[in-house]
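The chain below stands alone and is given in structure tokens; this is the form predicted on its own.
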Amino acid sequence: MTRRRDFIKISALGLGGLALAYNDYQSLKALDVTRFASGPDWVNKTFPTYCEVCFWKCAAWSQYDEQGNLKSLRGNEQDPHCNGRLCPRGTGGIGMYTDEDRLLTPLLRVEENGEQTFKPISWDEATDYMAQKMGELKEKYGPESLALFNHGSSGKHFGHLLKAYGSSNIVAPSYAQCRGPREVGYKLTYGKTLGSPEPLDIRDTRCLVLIGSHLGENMHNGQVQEMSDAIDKGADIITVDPRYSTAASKSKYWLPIKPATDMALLLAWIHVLIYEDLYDKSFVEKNTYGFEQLKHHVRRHSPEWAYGITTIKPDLIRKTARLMAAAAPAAIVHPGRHVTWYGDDTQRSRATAIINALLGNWGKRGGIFNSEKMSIPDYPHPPYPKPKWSWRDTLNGKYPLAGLALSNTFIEASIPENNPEHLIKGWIVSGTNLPLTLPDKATFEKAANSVEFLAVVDTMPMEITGYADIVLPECTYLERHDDLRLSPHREPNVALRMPCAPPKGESKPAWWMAKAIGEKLGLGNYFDYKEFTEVLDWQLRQIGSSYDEMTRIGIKTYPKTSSLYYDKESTIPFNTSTGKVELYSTELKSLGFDPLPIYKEHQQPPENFYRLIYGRAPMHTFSRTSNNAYLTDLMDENNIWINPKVAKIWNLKNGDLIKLKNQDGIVSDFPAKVRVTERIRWDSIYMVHGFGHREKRLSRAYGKGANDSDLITNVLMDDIMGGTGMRGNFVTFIIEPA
């Protein structure tokens, strides 16, 4: 493949404290912090923030040592996301700030002696370059040719810049790679999405069903705490998983399901609830549409039918369905978060939504509560220009129910050979490590080498920086202001993030970068403030608070305007075409899709191959934290879980080094250690996602463990909304010499 740009590794010039003087760019020199003092004066000071290590965004307070250096973080007691307790990732956030491998100065790709490398440049030069390249793209192809890939808080600031520039092509990979099918499935059924955090009343539930959801390892802090409380109060947990997870160890029933057969189990549960007359008749009669069609649809989907598919015994399927029904409406089938598995993921999410409806738990204590979110106006700015085309045009008539942009169609639209009608020619990548995030690395690399301009905004020299034309070093969340946190919960609330320490090196907050670039593009009227504190104070005053107040309290809760639960006799309005919970989806029917979830057989591993199952660890978030000294101390590499029967066949034992090769011949770059355990089925292997980094400047993460992302080359597309199913990949073993 012809490469327009080589993959190059960040040299030491971009790291370790090199500071460059500004040229004469005084108008934007000010940081979003008062210049920090140092020493003992800081010992008794605290500053509020909210965590950036995962999407839960727990509110926290900074704490300092006797010399006034930032030392640790503790949870804000008033925050419903964390109740004053941070998870391992949250407490390890300090490691992002102290990491000596951080990016600390802007870097520009240049050619020296026939080889491509990066050279450090000033911020004045960096913002000049950004404005020049964005201006050239706009002139040649139109503003819509520039796309933003983003994850985390920095994306909001660059999203504002992109919209002011004239492009609405903004995508978060998490939609297609993670939660999209769930959001669409629940909207089709209930007329609304679940959002984040999900409004699950786990603290008062009597039965919690986890199917592909690993609370305790996937550290959704508030939900983990509530599950612990629910267990203490006698709640029953049912875990469906081919792996004996942490959650499974706390469960009354563990169902070690054959991978790719979850839909069969869900349909069998529906069968039992209906044909054993266990469903909530009052809720179903008043609030649902299509019950008779559903009943007819599942008539043959008995536990005996499902047993032959799932390997779960009929008696266990019946016992677990009856346990849910006995607890209803204080029973929840958790909708999950990372739900892009086999390509029929919207329909599988619909099946979980249908079971929740049969349990009558919508708007009920111990079920799914009515969350509420604060509404705050945008800081005044001119109207955004209207783009000539948008992300929807990249779908090319596919994925009719995609609710947000899809990273996979942006990738396809970046490759000229695909002859896209709407071609993307430039990327800004902010806070997301695309090589370890997107499936199908070969197509990603082709796209990355096709675009004319690629800018990366990051705190660390992640793999994505190796593809960049320019790298902009963002300071960590502990060194900056960001937008207010407005996540929905039982009561509406607002949380503030302010700097807890001075930015290191020449790293900058994203709001500053966006403003600097915008002004050089002639878009200064969209950034009519000197400091971001002006924006925050104006917004807070619209809701009866102020920046000064929030610096003292960190989070503020407001009275709820609607009830948390519906009473038993309520007829609940739902925003569907029928005004009811659609067990039978009229919208799917009108679009030519199955109106009811159906079981489809999925491909099984070929001989001597095993299904690749990947997951999370409580101390790490994707690939973002695997260089964090605080967190690598807890887990510095992944290993490969292999069932003892399989290990015996391959003559493998604990600690042996193996590489993995997938069905398409792709081999992991680095080996990982074997873990022989009964906690994984014989037809699968398991590994934690986010390891096997190839960037040598990640001194603690380089070469540690294997990278599952490289092995995901078979992507199973969800035709309804464009989700990228990633669990249809199989691996075999290459045994490393001793």
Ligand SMILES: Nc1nc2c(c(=O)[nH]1)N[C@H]1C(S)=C(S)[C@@H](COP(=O)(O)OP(=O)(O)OC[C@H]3O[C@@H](n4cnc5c(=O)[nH]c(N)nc54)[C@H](O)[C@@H]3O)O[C@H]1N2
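Just count from 1 along the sequence shown to find any residue number. Everything quoted here is computed from the prediction, not taken from an experiment.
In what follows, reference is made to the form predicted in complex with this ligand, a form of this protein that is not presented.
- Item | Partner proximity in the model of the complex: M721 to this ligand, non-hydrogen atom cutoff 4.5 Å | M721: no, not in contact with this ligand in the model of the complex.
- Query: Even though this ligand is not shown here, does H338 get within 4.5 Å of it in the model of the complex, heavy atoms only?
  - Reply: Yes, contact at 4.5 Å.
- Message: Is it the case that E445, even though its partner is missing from this view, gets within 4.5 Å of this ligand in the model of the complex, heavy atoms only?
- Response: Result no; E445 lies far from this ligand in the model of the complex.
- Query: Any chance S709 has a heavy atom within 4.5 Å of this ligand in the model of the complex?
  - Reply: Yes, contact at 4.5 Å.
- Item | Proximity to this ligand in the model of the complex, single hit among P173, G360, G466, G95 (heavy atom within 4.5 Å) | Contact residue from the list: P173.
- Which residue among T310, Q347, N356, T621 has a heavy atom within 4.5 angstroms of this ligand in the model of the complex? None of the other options qualify; the answer is T621.
- Message: I need the one stretch from 517-525, 208-216, 134-142, 375-383 whose residues put non-hydrogen atoms within 4.5 angstroms of this ligand in the model of the complex.
- Response: Every other range fails; the passing one is 208-216.
- Item | Triple contact flag L436, R480 and I613 to this ligand in the model of the complex, non-hydrogen atom at 4.5 angstroms | Yes, because L436, R480 and I613 each have a heavy atom that approaches this ligand to within 4.5 Å in the model of the complex.
- Determine the residues of 687-701 with a heavy atom within 4.5 Å of this ligand in the model of the complex and present them in sequence order; the list may be empty. The one in contact is H689.
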